[in-house]
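Only one chain is included here, represented as structure tokens and corresponding to the form predicted alone.
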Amino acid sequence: MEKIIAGEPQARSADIIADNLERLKALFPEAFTEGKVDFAVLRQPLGDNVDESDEKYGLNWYGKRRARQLALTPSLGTLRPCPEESVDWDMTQNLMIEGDNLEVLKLLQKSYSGKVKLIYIDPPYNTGKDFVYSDNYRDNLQNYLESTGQTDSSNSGTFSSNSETSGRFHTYWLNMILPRLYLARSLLRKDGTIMISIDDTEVAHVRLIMDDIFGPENFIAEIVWEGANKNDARQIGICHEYVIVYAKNRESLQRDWGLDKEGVQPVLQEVKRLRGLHGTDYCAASEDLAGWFRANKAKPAFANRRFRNIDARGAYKEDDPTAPGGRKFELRNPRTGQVIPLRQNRGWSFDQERFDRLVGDGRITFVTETSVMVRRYLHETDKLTPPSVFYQPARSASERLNRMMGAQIFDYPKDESILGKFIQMATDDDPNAIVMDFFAGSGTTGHAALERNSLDNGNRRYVLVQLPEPLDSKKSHQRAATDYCDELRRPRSIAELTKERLRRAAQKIKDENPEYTGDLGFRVFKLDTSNIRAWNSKPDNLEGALRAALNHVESGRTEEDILYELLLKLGLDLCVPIETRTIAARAVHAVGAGSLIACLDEAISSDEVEPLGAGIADWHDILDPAGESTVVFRDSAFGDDVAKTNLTAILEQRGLGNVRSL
């Protein structure tokens, strides 16, 4: 039974450098000498595609190489579960993670690599004010714990200040965003998309960074998000921001993106109700639908009033099948053979073969034997191509959020209705997709994902990451937020406001849609140091270090803490089902249908070894997992090596060869 020790692959996040080297070695084994890359040899199979010039197109700045290296450095942290702060812990598939998003993105690599359909982020803009994300290249995890007041430090509070007068004003921001975007790319599915909200200050730089990481061929669009005009500007009032959109692989994207036309969904719901009420009496259903449109003149649905007829397919309107510049030929009625006259300066919108099919499908109305109309169905024309400009008054999102929260605690929240459109654009072909936002802020992305699910009965999952940035009541712009946290009796941090917004958004959806049964919960996890204790001896305290090393797990950590770290480090989903059974009076957990089996009891006697081993093996046979299982115990639980060896032998005899301890 081997120990899982700090620093080995099972005790840390994915080693991206090692993975890259393995892939490169598989392609070009001849370019490796004693485990190192021989670039002179590697250039040969790459031919003329190697650029050896000193002057290259792209964006460079001080610290770029070090920032990229930071993304490649594995994390030794973990995510600790917090069921008491969660909503519907046992059933939900949504995640709300508190922590520095750089470390969290590293920790999620094994479990979520290549699984995220859409990433939307609204990173802190480079405003020249306090800069919350300033990474410590030596120990970013320790830097995070100190800066959020979780460990003693004289530097608690805001990370740093990024003044506009600084010579490295752009450099600090670019060093922050680069490693996060690098890690984000590996989390995306092959058909995944990333959208980044940004303003004029860094938009040009973001485009160049994204070209560097994703490739310019995967650029989709630069969306303009227009809000309210600012009358206090001296020359030009900037009333817009940007959303930069890139694909991981544009060729793998859904061919056509679409958005719901305004007011369509209420019509489709009413048509469904009327068809259920009237059955095949389409005349009665059509009459009722026409009356429903008259009663809804003041609503967006009224714009679709031409779709007032109902048949077996749904609501339709009758359109002229001719158009200027259409096909000009003798169209014949397939039933009678008569030529259907064509009006002057018009042409048919179909050929004879297509027309015959439409007649056979019941999509042509013969007004007379020689006069026709074509049926256009609302559910087939309910989408429009997304525009490159979105307009939404900035105040409307603030007003809705203030009403829902019962207080004004966020100054400039993103609009959940616009984000809902972005989510529809990128995930309409997969309503079970994962949507991620690692600058969660007020939680708008999570709110938007829930609302989108409630509209189309999707099962999209959200993964949000938010720094528990401390709030300071001495700062006037944070006073309302600190008072709000005090009223809720929760810590003063941005992350607490994020969680409260998610709770209230879920309740609002439930109140407005009583019959909705979708997932409205979320699991809370918090970034912390690993549960696995690292060897940390000092020359003057060797005896204490040896004593501490007897128990390989940090004090104060629960079985649940350890179990979820194992999930992360073994690459299992944080929402994967966990089943617990009592075997030989010990709690045994089976994760992911037996991919991981863990008994984390603090004491296992020699007498319990045989029944425990046999019971675990019997349960494993019942679970019958598809791949190899990993079985884990606490190393300190065994009184001696004999008990540990015997238990390992019992499990190996039953086909469980990967037995580890920690």
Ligand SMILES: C[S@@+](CC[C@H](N)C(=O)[O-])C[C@H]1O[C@@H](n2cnc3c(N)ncnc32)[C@H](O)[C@@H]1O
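All of these numbers come straight from a predicted model, not from anything done at the bench. Position 1 is the first residue in the sequence shown; the rest follow in order.
Although it is not shown, the form predicted in complex with this ligand is what the next lines describe.
This chain lacks the partner; the member of P124, P266, G521, G518 within 4.5 angstroms of this ligand in the predicted complex by a non-hydrogen atom is P124. Of the candidates F439, W348, F293, Y484, F439 is the one whose heavy atoms come within 4.5 Å of this ligand in the predicted complex; the others do not. Although the partner is absent here, E565 sits far enough away that none of its heavy atoms falls within 4.5 Å of this ligand in the predicted complex.
In the predicted complex, this ligand stays beyond 4.5 Å of every heavy atom belonging to P81. This ligand in the predicted complex is approached by R180, whose closest heavy atom lies within 4.5 angstroms of it. At least one heavy atom of F410 is located within 4.5 Å of this ligand in the predicted complex.
Contact check at 4.5 Å (heavy atoms) against this ligand in the predicted complex: none of S75, I532 and E554 pass. Stretch 467-475 is the answer when you ask which of 350-358, 578-586, 330-338, 467-475 has residues with heavy atoms within 4.5 Å of this ligand in the predicted complex. Along 477-494, a single residue, I494, places a heavy atom within 4.5 Å of this ligand in the predicted complex.
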